[in-house]
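So this first bit is one chain, no partners, the form predicted alone, shown in structure tokens.
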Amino acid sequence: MSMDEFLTGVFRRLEPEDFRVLTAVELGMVSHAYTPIEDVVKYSSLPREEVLYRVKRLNGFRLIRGIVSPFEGYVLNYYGYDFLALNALVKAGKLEALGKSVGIGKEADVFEGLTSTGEKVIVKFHRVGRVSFRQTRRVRRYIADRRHISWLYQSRKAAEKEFEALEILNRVNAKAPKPLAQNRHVVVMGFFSGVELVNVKSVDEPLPLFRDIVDEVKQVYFEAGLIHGDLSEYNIIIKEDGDFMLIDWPQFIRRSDPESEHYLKRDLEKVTGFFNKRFNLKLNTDRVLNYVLGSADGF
């Protein structure tokens, strides 16, 4: 069974009491590694017998997992968190159906979706920390101040940051996905399709494409006050009409940040290096940086 089939198939079988228990487990995870069964009963406001039935059922659906020693307790897994977010989005009228997978990565799963009005959308499930908590804590500045980091917190924070960036970018008509909704670790955005730049083997005129990408980086820097923070050939989408889009914004840096120029140069180094290697160009990163900063007319 594919992941999208699992999500949609099991989701339809859940009952309101199941979601109350999932929410209770989530609430307990704020202060516990595993939510004690007593807290699940308290937060769900369900009879203990009902809770015991529901946790057994949810464990069978692979939405939670439990321990029995030194106490009985439960914790959400990714699917359980997925279902809480999906349920909230459906109830809010932001999402009606989940479609096929369009991308499974180390830190996100991406699907097509439909709204209640039949509009196609992209649904992104952040999976920060799925590979390495230590690595993600090291590179993601917005979690560096927390001593104890859970995958739940990391993923929710990444979704919040990305949605915040997309809202800012949308106000200046940047070439980025349109933000539609966000709940927990899930972001719903306007539909787009295309190919990652890394998978583009040939371009008729690579230099004009590079210039357009750099101009977009410059516009975002001055008009939105943002730097992508992790820009590379993996998050530049070449669309079917030949245009492009910059995606994956949870690590954005504000232009006012003291280290903003460092991150801007790093983004430009990655993109410039890719174009030089893939398309045999001889671009100089420092000249490109000076152009973006406005201290040079061209590169």
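Start at 1 with the first residue shown and count on from there. Bear in mind the structure is a predicted one, so any value in this text is a computation, not a measurement.
Same protein, other form: the form predicted together with a small molecule, not shown, and the subject of what follows.
Visitor: Only one of 118-126, 152-160, 167-175, 215-223 has heavy atoms within 4.5 Å of the small molecule in the model of the complex; I'd like to know which.
Guide: Selected stretch: 118-126.
Visitor: Consider the chain as shown here, without its partner, and state which of Leu58, Leu264, Ile237, Leu231 has a heavy atom within 4.5 Å of the small molecule in the model of the complex.
Guide: Looking at Leu58, Leu264, Ile237, Leu231 one by one, just Ile237 meets the 4.5 Å heavy-atom criterion.
Visitor: Counting non-hydrogen atoms within 4.5 angstroms of the small molecule in the model of the complex, say which of Val75, Val200, Ala88, Val102 makes the cut.
Guide: Residue within 4.5 Å of the partner: Val102.
Visitor: May I ask you to check whether Glu96 falls inside a 4.5 Å heavy atom distance of the small molecule in the model of the complex?
Guide: No - in the model of the complex, heavy atoms of Glu96 and the small molecule never come within 4.5 Å of each other.
Visitor: Please run the contact check for Gly190 against the small molecule in the model of the complex: heavy atoms, 4.5 angstroms, yes or no?
Guide: Judged by the heavy-atom cut-off of 4.5 Å, Gly190 is in contact with the small molecule in the model of the complex.
Visitor: Taking heavy atoms and a 4.5 Å cut-off, does Ala108 contact the small molecule in the model of the complex?
Guide: Flag for Ala108 set to yes.
Visitor: Is Ile247 near the small molecule? Define near as a heavy atom within 4.5 Å, in the model of the complex.
Guide: Looking in the model of the complex, residue contacts with the small molecule include Ile247, since a heavy atom lies within 4.5 Å.
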